[in-house]
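For reference, the chain that follows is the form predicted alone, supplied as structure tokens.
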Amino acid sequence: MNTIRMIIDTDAGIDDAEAILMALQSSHCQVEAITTVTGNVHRDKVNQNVCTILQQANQSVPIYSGSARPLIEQWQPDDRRYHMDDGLGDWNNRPTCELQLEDESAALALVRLVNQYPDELILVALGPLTNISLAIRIDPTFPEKVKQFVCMGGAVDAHGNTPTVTAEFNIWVDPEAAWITLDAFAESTMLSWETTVDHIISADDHNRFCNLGTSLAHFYDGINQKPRERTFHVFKGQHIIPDPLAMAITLHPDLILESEKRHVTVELQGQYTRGQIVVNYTRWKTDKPNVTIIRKIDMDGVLALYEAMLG
């Protein structure tokens, strides 16, 4: 299998950590850079979280600090605190980590890297698309030089998880950035919130992973323990994995069982729908499809990736 060269843009919550570990532990993936953005928690905490993730994986990857806030509006922290205060589950045994950031900002690093390696780098966005949109505004040819763009985001059937009930969190945090990004890329791959909810790790499998006995399994258990206690009644003890699903289908496209190509944009003005992904499901408007929406994924394959990652 050919080696995948990847940039990960992240707001480094718990599921981001699992997705990043999945890429780092893959035998055919080289993570060239990690760029950080405010989303689940503020960028400054995200930076520290990425440092901790790399430390746990015993790997070194350049970290480029990105946008501290959305393009237009003030950042609104997620008051549900799913990722807890620090973004990594307020893990009791979290070790200290000596954070070292690159001098270059995330947006400038993204532009430089894709120009240095045109059509060689896969870009996986696990958080709000602020950094990506800034890179596009700096260099409008940026999307043409990205080999593949994959994002976790969007409620493609308007079953959202935010105060705007039709919007998904990553898009809701910075709708303008999402609009700019989806408008600029001729082709994107989207792992939606609805697909996430349809592909959840069972309580039994989650507990099995927690008890594998390795240092990474201990890390996985530690960052999930407190959030899982808080949301047990919501997901009935199951483990929800939006970002790892996006990473899994990037690393192993054969895990995709069903997908569809549609034209997708973002609502910016609606009183009740700001941040909603708008998908053209009709025959009346003939906008060219720009997004591959992932619908069904081979969960046996995803579970095998978790086993390999944590075992």
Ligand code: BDR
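This structure is a prediction, so every number in the text was calculated from the model and none was measured. From 1 onward, residues are counted along the sequence shown.
Although not depicted, the form predicted in complex with the ligand is the subject of the following passage.
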If you check in the predicted complex, is P242 within 4.5 Å of the ligand, heavy atoms only?
-> yes
Counting only non-hydrogen atoms and a 4.5 angstroms cut-off, does E168 reach the ligand in the predicted complex?
-> yes
Does D11 reach the ligand in the predicted complex, with heavy atoms at most 4.5 Å apart?
-> yes
Any of the heavy atoms of N161 lying within 4.5 Å of the ligand in the predicted complex?
-> yes
May I ask you to choose, among F209, F219, F142, W193, the residue with a heavy atom within 4.5 Å of the ligand in the predicted complex?
-> W193
Only one of A135, A178, L123, L126 comes within 4.5 Å of the ligand in the predicted complex by heavy atoms, so just point that one out.
-> L126
From the candidate stretches 169-177, 209-217, 110-118, 222-230, select the single one in contact with the ligand in the predicted complex, where contact means a heavy atom within 4.5 Å.
-> 169-177
Within 139-156, which residues come within 4.5 Å of the ligand in the predicted complex, counting heavy atoms only?
-> M152
